[in-house]
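First, one chain by itself in structure tokens, the form predicted alone.
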């Protein structure tokens, strides 16, 4: 049986060839996590555990945020965020043998991933979430009600990356990821956020419609059936007894529903003496202090997100960019616009006998390329690729990015063999460009040309164009 070695000075535990970093206080150099197989947190304080888990899972390096984390359970952990972000618990170090299979599984899954330097913060966060879901074999990203959340709901592996005032950005990123096809979603709930700072921690009050004060009194309105007098309850009270007498006809009100009813209430503001029947409802933000009518709050849907097949592939290969990142490159059009223009060209071909084509240039190993450069260098490279393509096609031809690894373009009114020849020359130029700029990187391109067929839809043309790309 392997020997358990505990080094208190180094705060490490070794067992069966695995090294565990044992954390007992907040004086943590997070970078040390990357040099060990897993982390064990001595769970003697709930606040301490929550802070350590946040520091590990919010780190930018996958060598740290994907590391297996376990709690040496000295107390009962009831924090739902912590429970979602740890991989198991131990009641003593002698049980370390039980967690070895889980450590091996997570480290093996992590080894299958290719990481890139994403073009934008949003793409970086999406890559982080899907990488974590892949290594932990999580299919669904569930929102959890959480007392410490600024939005009242928490997506642990994503929300942990934001401070309290920016937590609403997690909702924006998930919406982007769904538009990119990384997630499918289903409705869970709806929250209302401050229109100023988008915080969900609000104090709701009924206030005077005239001055906005929440200080008021309320009394019933009485409707006397026999004489039809309507007035506040105070009009019907007397100083002699607790009975009700009508101030109009002096009859005693004996039975509610027979002599009278209470159709409404009357409020009186103690700040401005205004009398009214309907309150305004306002919400005061506990974060920024803004006081807003409830109809001015920002409604946001809380949804459950499920990883799609595209998301699983993106987790393994790396998620470089969102559509927004590549749509901003000068000389290109949005992919949706490209599809629309393709539709018009197909319709035109129904009336003519011309020959038009769509072409694609696909980067076969994007993760190897993008992982070796920062986001700014990536943007410069994509712009340079577009410049090379644009300089070798006609101004009437259209360029678009289907993704950060696939460029599509139109070549209208020329034979397919000519389009193939032009595209082959462009690919050779692109190879030379990258070889000159990045001498230690081997780049692989694939290309395809498809002649337009007026019997097929734009979507089917794109499928034919890209079906052989890896």
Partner chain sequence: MFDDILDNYLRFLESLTVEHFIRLFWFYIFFEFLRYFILEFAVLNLWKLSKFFNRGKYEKAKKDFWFEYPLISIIIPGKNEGKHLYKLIRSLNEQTYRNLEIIVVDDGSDDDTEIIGRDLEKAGLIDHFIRNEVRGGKASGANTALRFTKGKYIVHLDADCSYDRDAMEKIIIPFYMDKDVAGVGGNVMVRNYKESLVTSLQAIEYYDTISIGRVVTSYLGIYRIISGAFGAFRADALEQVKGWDIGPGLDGDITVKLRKLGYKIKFEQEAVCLTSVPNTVKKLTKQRLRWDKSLIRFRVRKHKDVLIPNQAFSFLNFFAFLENITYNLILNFKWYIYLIDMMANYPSQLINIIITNILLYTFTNFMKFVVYSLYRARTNASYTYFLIYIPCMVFYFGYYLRVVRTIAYIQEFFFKRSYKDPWNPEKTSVHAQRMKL
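Positions refer to the first chain, counted from 1. By rigid core we mean the largest C-alpha set that fits within 1.5 Å across both forms. Keep in mind that this is a model prediction, so the values were computed, not measured.
There is another form of the same protein, the form predicted together with its partner chain; it is not shown, and what comes next is about it.
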{"query": "Residue 261: touches its partner chain in the predicted bound form, heavy atom cutoff 4.5 angstroms", "finding": "yes"}
{"query": "Residue 192: touches its partner chain in the predicted bound form, heavy atom cutoff 4.5 angstroms", "finding": "no"}
{"query": "Heavy atom of residue 145 within 4.5 Å of its partner chain in the predicted bound form", "finding": "no"}
{"query": "Interface membership of residue 162, its partner chain in the predicted bound form, 4.5 Å heavy atom rule", "finding": "no"}
{"query": "Interface residue in the predicted bound form among 248, 205, 298, 390, criterion: non-hydrogen atom within 4.5 angstroms of its partner chain", "finding": "248"}
{"query": "Position in contact with its partner chain when the complex is considered in the predicted bound form, options 235, 384, 220, 175, heavy atoms within 4.5 Å", "finding": "235"}
{"query": "Partner-facing stretch of 277-285, 134-142, 163-171, 306-314, counted where any non-hydrogen atom is within 4.5 angstroms of its partner chain in the predicted bound form", "finding": "277-285"}
{"query": "226, 231 and 273 all contacting its partner chain in the predicted bound form, non-hydrogen atom within 4.5 Å", "finding": "yes"}
{"query": "CA of residue 88, rigid core aligned, shift of 2 Å or more between the shown form and the other one", "finding": "no"}
{"query": "Core superposition between the shown form and the other one, C-alpha change of residue 360 at least 2 Å", "finding": "no"}
{"query": "Core-superposed C-alpha of residue 251 shifting 2 Å or more between the shown form and the other one", "finding": "yes"}
